[in-house]
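Presented below, as structure tokens, is a lone chain in the form predicted on its own.
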Amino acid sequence: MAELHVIGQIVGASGFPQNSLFCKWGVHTGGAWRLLSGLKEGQTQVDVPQTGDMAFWSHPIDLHYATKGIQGWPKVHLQVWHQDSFGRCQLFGYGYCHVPSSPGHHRVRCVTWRPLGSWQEQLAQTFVGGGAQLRSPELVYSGADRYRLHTEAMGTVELELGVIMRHFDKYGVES
């Protein structure tokens, strides 16, 4: 079987309206992919930057997959959350990006967005907090239903990923 190693980190995030951010992440693959080692989901710590608007997490990612084809190539999906001084958490954005399909070191910038909700929900969010969330987080990386949502752009999450490919040539894939 062909093997894919993804070794890297979620560096951090910038461009969000407030600081004190953390990230929930996961990796989604197609049915032909099998995780041999590593965690396919996790959560970073909360970072409150002292200067600037970049929240640094340096959260490690170390995955080892086996597959017989490239269909269902791995995608990293992200949820960026804000934690206020009372410990309440508010969703600041969803995003996803494909793991690069060429070997080497890659710097990936993943843009994020969040659902807007109705004008009543937006007004309540301004005064009370909270906000609209997806009922099914899988909508972030699959299906055409995502394009029917009313959203607003949020910040960017930066990842550094090292990709190592092994035996893909035996399955008709040039690397």
Partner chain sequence: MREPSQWVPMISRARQGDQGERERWLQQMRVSRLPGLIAGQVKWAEVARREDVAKRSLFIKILYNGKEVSRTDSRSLNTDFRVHFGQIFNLKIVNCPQSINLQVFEELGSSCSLLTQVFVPVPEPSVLTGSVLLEEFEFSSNQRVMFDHEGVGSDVPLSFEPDGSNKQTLLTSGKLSCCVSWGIGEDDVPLAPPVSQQPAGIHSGLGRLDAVTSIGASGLYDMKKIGEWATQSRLDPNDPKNASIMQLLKVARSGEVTAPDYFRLEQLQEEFNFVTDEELEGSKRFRLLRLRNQEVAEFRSYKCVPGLEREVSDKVFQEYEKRLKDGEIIDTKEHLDSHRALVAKYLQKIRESVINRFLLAKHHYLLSDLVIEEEIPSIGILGINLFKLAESKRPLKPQRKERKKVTAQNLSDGDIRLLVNIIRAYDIPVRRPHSNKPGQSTPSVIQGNDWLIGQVQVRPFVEVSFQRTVLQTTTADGPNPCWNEELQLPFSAPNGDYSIASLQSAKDEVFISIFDELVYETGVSDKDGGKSIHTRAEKHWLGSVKIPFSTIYSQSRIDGTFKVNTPSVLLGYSKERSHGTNGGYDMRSLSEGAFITVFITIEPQLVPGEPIREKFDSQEDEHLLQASERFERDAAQRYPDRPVITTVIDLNGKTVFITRYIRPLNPPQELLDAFPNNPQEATALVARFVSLIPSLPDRVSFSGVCDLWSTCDQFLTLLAGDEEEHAVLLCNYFLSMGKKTWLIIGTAIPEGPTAYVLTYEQSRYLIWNPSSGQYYGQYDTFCPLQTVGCLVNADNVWLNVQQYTAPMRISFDTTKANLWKPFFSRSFSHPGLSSVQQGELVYRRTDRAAAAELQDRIEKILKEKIMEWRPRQPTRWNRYCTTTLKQFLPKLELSGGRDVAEGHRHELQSLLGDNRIAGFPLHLPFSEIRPIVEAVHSTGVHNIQASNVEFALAVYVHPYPNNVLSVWVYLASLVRT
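Remember, it's a predicted structure, so these values are computed and weren't measured experimentally. Positions refer to the first chain, counted from 1.
Another form, the form predicted in complex with its partner chain, is not on view; read the next lines as being about it.
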Residue (of G30, P137, P49, P60) lying close to its partner chain in the model of the complex, criterion heavy atoms within 4.5 Å: G30
Of the options V108, A66, A132, M54, which one has a non-hydrogen atom that comes within 4.5 Å of its partner chain in the model of the complex? A66
Although the partner isn't part of this model, could you tell me whether S37 comes within 4.5 Å of its partner chain in the model of the complex, counting any heavy atom of the residue? yes
Does Q71 make contact with its partner chain in the model of the complex, using a 4.5 Å heavy atom cut-off? yes
So, in the model of the complex, is R166 in contact with its partner chain at a 4.5 angstroms heavy atom limit? yes
Closest heavy atom of I7 to its partner chain in the model of the complex, within 4.5 Å or not? no
Neighbours of its partner chain in the model of the complex among 1 to 16 [non-hydrogen atom within 4.5 angstroms]: M1, A2, E3
